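Only one chain is given next, in structure tokens, and it is the form predicted on its own.
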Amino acid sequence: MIFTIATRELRALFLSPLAWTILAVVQVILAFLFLGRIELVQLYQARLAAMESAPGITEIIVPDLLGNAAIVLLLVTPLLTMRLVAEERRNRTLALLFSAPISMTEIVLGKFAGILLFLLLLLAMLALMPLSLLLGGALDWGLFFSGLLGLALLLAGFAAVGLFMSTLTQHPAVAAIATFGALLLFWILDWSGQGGATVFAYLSLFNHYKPFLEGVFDSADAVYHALLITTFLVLSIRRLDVDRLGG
């Protein structure tokens, strides 16, 4: 049933102009940023060649590209997750899901899997840009895959937060604003962490994303992302349980 619900959510996304618009806009923005880094490398190519320990092309382009991608997708994800449950509640179809012989866990995991598949498609399209560098040089595969893994975990966290916010209201726009606010809070926590507030620094989602951009895989960072995703999925399940019992 999880696969069925995920397929249904993914199909619903592609039947709407929103998904296609997001795919196009995100690719245009990131392609512009990518080409800007390529131009920068070409501009300083002679200077880099004269340096003894010059950074490689992967080090110059990939972390910056994936870092910018995280910001762009932070803005985009709320638009994708806002309708997951809120629209079901608004259209009064949520009761049909509750009456079906499936658990709240299957409903939540199915919706989460559907939106995550779409985000991973965005990630795969993004990965084609650095891979194009192979036409004229080599890639640091460790740095490349580390960055992609970090961004995949980050997107899964975005999706889990957005899904939970969507369970709290029947208005998709409210869910989108709440999701954006929650994700922005993680960014503010990152700023606070730089001021010495170590608890806030640890809670910051982006502090656990930056090491991946540097090619560093720390199991503590992966566990943090896993705990964040699990926490918001469990909260979503509990929220739907409350709705079902209340109905």
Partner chain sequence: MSDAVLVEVSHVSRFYGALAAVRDVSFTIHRGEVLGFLGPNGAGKTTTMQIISGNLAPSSGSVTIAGHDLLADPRAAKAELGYLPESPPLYRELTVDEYLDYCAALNRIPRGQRAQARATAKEKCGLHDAGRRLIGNLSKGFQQRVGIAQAIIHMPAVVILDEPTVGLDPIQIREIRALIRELGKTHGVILSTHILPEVQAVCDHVQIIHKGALVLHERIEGLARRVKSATLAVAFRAAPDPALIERLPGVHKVESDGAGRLRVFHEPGQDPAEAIVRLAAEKCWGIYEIAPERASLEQLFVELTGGEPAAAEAAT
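Positions refer to the first chain, counted from 1. These numbers come from a predicted model, not from an experiment.
There is another form of this protein, the form predicted together with the partner chain, and it is not shown here; the text below is about that form.
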Proximity to the partner chain in the model of the complex (heavy atom, within 4.5 Å), stretch among 165-173, 92-100, 148-156, 134-142: 92-100
Which residue among V25, A12, L227, L18 has a heavy atom within 4.5 angstroms of the partner chain in the model of the complex? A12
Within 1-30, the residues that have a heavy atom no more than 4.5 Å from the partner chain in the model of the complex: M1, T4, I5, R8, R11, A12, L15
